[in-house]
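First comes one chain, alone, set out as structure tokens in the form predicted alone.
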Amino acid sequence: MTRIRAGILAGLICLLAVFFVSDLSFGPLHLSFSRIATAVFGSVPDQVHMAIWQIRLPGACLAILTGFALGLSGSEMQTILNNPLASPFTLGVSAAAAFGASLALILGWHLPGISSAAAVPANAFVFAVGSALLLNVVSRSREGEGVVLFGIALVFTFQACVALLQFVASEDTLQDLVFWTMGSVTRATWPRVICLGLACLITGILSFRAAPALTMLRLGDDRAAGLGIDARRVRFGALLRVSVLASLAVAFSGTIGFVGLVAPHISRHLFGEDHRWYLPGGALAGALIMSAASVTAKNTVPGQVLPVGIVTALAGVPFFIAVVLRRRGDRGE
């Protein structure tokens, strides 16, 4: 069984590498694989060098890291809440980040000491972390269903606040906000890639170390306590990791839906409930979805690059409906 799971994990990595190279190659300016290799390891004309190192390589890396962060955070969130519909998108973390970003874009409100260039991601990060911590408070006194309902209420609340700001926004700021809320990796920069990469590395290590405890948590709090697991402590640590990953992903790439919902289900289908495999599988599945969406976004409309959030939403909505209908079928409704 271990060899089979390791083979599946290796297959996901290989498939991710294929999409990564395709993301570098395909687009409005098509580049052959040999041209890409020359640009990375050798010397090429300035135009090609800039296209690879300043646009495509940061964008492709940010897409993978964003998917990794959303996939891993969604996997942990579904475990600690014991709900297959939980994700940073459905529980209001993304909507809170959008509201924070809209405050910076439209009203110019941001934390003191933050430069205007960093105001949007900084605001998005602060509001997303705040909403995640609020969910942690609610989760201490409510079951998984109650937390999901509270998260849905947060989604509608923050969406209404964003709509109000859009109503009073100028034409230029409104255009910037709409583009940001669609979700995109076209504004990727190396500092953002490095920041999110370090966050994924650190939180990923902590998540994988907590994998045995999270697996025990799936057996129920009582059985986990009998095995020496402090369920409340495990949940709080997981929610902190979810807050960091989801907040940074949304802050740098905008509101991208359904990746954190779909990736855990793919991983659970492939690897089961053993979190030593389920967590890396969810992270890789999220990275694979985002990389594939980035390639699709570049090649759907000739000469244009669609916001990647549109692609993930169109692909994720049918999956979301299927999950809801399957849950109702399992309950016999």
Partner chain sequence: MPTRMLTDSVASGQEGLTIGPVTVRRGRKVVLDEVRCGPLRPGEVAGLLGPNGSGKSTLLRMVAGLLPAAGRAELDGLDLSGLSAARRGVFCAYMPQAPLPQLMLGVGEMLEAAARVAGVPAARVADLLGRLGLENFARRPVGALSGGQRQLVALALALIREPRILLLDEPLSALDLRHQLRVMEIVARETRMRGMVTIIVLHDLTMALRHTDHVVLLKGGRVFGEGVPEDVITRDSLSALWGVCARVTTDGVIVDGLADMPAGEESD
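What you are looking at is a predicted structure, and each value in this text was computed from that prediction instead of being measured. Numbering follows the first chain given and starts at 1.
Below, we refer to the form predicted together with its partner chain, which is not included among the displayed structures.
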> Is residue 222 a contact residue for its partner chain in the predicted complex, using a 4.5 Å heavy atom cut-off?
Replying inline: yes
> in the predicted complex, does residue 226 have a heavy atom within 4.5 Å of its partner chain?
Replying inline: yes
>> Given that its partner chain is not shown alongside this chain, does residue 238 nevertheless sit within 4.5 Å of it in the predicted complex, heavy atom to heavy atom?
In response: no
>> How about residue 212 - does it come within 4.5 Å of its partner chain in the predicted complex, if we only consider non-hydrogen atoms?
In response: yes
> So which of 148, 216, 155, 196 gets a non-hydrogen atom within 4.5 Å of its partner chain in the predicted complex?
Replying inline: 216
>> To test your reading of this chain, name the stretch in 273 to 281, 31 to 39, 47 to 55, 65 to 73 whose heavy atoms come within 4.5 Å of its partner chain in the predicted complex.
In response: 273 to 281
